[in-house]
Ligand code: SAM
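Below you will find one chain, with nothing else, as structure tokens; this is the form predicted on its own, and questions on how it binds or moves follow later.
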Amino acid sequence: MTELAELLQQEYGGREYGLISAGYAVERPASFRVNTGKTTVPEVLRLLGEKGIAAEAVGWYGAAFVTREEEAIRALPLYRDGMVYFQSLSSMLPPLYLAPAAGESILDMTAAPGGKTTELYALSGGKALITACERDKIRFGRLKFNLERQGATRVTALNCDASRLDEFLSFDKILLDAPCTGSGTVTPHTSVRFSRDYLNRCMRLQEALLGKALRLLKRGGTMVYSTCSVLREENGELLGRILPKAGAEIVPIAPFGGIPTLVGPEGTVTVCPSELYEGFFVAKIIKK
């Protein structure tokens, strides 16, 4: 048994560990989001239908679809024109829970490659004031490319480490999709780099980013903390240590219908790896 498997079994016990293992063993179909900032869902479905390409709707988000024909879609002008964006279903959740609105100042702390940033932009009708940070230069280039392709023209992109942002800044809402071990993303053909040392390094980075986020967030403001990990140390246990000291608390959220979940901290959502979903964690937080 690998080190990751041993830790998951310790944290979840036999039944839920079995569900996680089963989720790791399946190859997920591709999923995409219609970019409603550029087009409409009926228009994309019409264009796909003309090419005989099948896409299955996702009930909890009208812009989300699952397909077995990813390469065929990527070959179409609608993909090159930024009318659709390939993104895992689980990673579409944080912007939905953050619920951006016109006129709000929003920070996306670790934004590359831009899926969540452009989703925030589309959800706000292009009227939120979004700042997107990415410290890695190569990934920042990818972020800029996707912002341009998706038509997210009002996003301010910064090639910087969000944990070092000047604290004279303040935001109404913050999305922190934190760097993590990726323990929710295992498939039959991909694995994750995992060791106790790597987990500890991820947690130190998560703690630094979360602490900064809570200092940049306005009083009464909301943030969403998410990871593509199902390890409790990176999720609920981290929040339990940091939030009380920062005068912040969890705002209860519930999973959207049909999404498989694991037992997690009350008011948060831990998505179980499955045939459609990566393992994922989402918590909504308010600063008092």
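Please read all numbers here as calculations on a predicted model, not as lab measurements. Start at 1 with the first residue shown and count on from there.
The same protein also has a form predicted together with the ligand, omitted here; what follows describes it.
The listed set 130, 83, 109, 202 contains one residue whose heavy atoms approach the ligand in the model of the complex to within 4.5 Å, identified as 109. With the partner omitted from this view, the residue of 160, 192, 72, 99 that lies near the ligand in the model of the complex is 160 [heavy atom within 4.5 Å]. For residue 186, no non-hydrogen atom is located within 4.5 Å of the ligand in the model of the complex, even though that partner is not displayed. In the model of the complex, the ligand sits within 4.5 Å of a heavy atom belonging to residue 135. Taking the partner from elsewhere, residue 214 is found to have every heavy atom lying beyond 4.5 Å of the ligand in the model of the complex. Contact check for residue 142: no non-hydrogen atom falls within 4.5 Å of the ligand in the model of the complex.
Heavy atoms within 4.5 Å of the ligand in the model of the complex belong, among the stretches 121 to 129, 148 to 156, 166 to 174, 203 to 211, to residues of 203 to 211. Counting a residue when any of its non-hydrogen atoms is within 4.5 Å of the ligand in the model of the complex, the hits in 165 to 187 run 177, 178, 179.
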